[in-house]
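One chain comes next, on its own, written as structure tokens: the form predicted alone.
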Amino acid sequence: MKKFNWQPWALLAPSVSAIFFLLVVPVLFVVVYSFWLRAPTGAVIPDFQFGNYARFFEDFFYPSILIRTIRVSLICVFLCLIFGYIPAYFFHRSKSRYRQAMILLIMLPFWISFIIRTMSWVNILGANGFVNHALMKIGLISEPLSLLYNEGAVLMGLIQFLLPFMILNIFVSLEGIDKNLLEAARSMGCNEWQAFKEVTLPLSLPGVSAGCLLVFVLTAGTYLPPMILGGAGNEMIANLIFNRVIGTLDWPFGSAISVILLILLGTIVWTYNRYLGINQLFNAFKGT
């Protein structure tokens, strides 16, 4: 009879316990709350029903915010991909002795509070901010432009937060490409552009897909940039959850919206795993 090996389970026990009590249990509480009722007095009534979910889909106001969240997330992914691939490729090809320092600069914003970084855009894009002041100083405009409290300002705040995730994922993927493949491509007559198109770009797609997934999931769940830079009419699904739970203390409805968001993101991650493999995401993190 094979002896039971308890050592792996003993080593995993602290991590599994932490995941269960800090992640699984809170999510279960949210799921249970989503089926309960909120009385007119504000009290929560333990009554299993689907009224909170029906309420979300009956009024188009709530699905429209979910649609806006998906649209803004997709735009953010596209812009981060465009602005992230170029510096990642530059770091990959750079032979400068300062390359490590430049990569460290990419991670420097993480050392500053996200709230401070988001609030700084108010001073940059505001009516009396740096951009308007500079444009008026050189005579291009006579009155301040309305650069804040719109979707463009929200995207600006999101990109400055999420761009490092995209750059690092693509950079790690590029670093994993066997340089002999590029030499082989050149020896067969490919120029630099053809070698990039036929070898580098296809082999970097795992990092690109991992970066896109991370940026999309983080964008869909963030609420600070829309709250500070978006103003009325530009709120996203996380702001709606925050307002329902903190603003009106409607925990059941806020929980139902959270479950809908969880199902949406879970479906995206499942699709990613089905066709690309979730291990690509972990591979991209190995070098960060």
Partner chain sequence: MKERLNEVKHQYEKGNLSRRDFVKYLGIAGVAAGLAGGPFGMIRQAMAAGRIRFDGWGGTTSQAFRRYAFDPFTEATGIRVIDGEFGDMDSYLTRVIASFPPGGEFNLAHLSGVFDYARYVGLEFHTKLDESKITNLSLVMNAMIEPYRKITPDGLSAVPYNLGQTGIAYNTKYISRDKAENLGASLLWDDEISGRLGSWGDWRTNIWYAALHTGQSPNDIQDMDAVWNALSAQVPMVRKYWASGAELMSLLANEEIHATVAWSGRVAHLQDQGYPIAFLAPNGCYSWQECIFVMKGTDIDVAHQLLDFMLAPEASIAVAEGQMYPPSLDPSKVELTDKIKQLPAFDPTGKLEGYLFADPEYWNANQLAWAERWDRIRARG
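Positions refer to the first chain, counted from 1. Bear in mind that the values here come from a model prediction, so they are computed numbers and not experimental data.
Note that the form predicted together with its partner chain isn't included here; everything after this is about it.
- Listed stretches are 24-32, 46-54, 258-266, 239-247; the contact stretch with its partner chain in the predicted complex is 239-247, by a heavy atom cutoff of 4.5 Å.
- 144 is the sole member of 87, 164, 144, 206 with a non-hydrogen atom within 4.5 Å of its partner chain in the predicted complex.
- Screening 128, 180, 187, 113 for any heavy atom within 4.5 Å of its partner chain in the predicted complex leaves a single hit, 128.
- Contact check for 68, 231 and 251: all three have a heavy atom within 4.5 Å of its partner chain in the predicted complex.
- Interface residue remark: residue 149 is counted as part of the site for its partner chain in the predicted complex, having a heavy atom within 4.5 Å.
- The closest non-hydrogen atom of residue 36 lies beyond 4.5 Å of its partner chain in the predicted complex.
- Shown alone here, residue 220 lies farther than 4.5 Å from its partner chain in the predicted complex, counting heavy atoms only.
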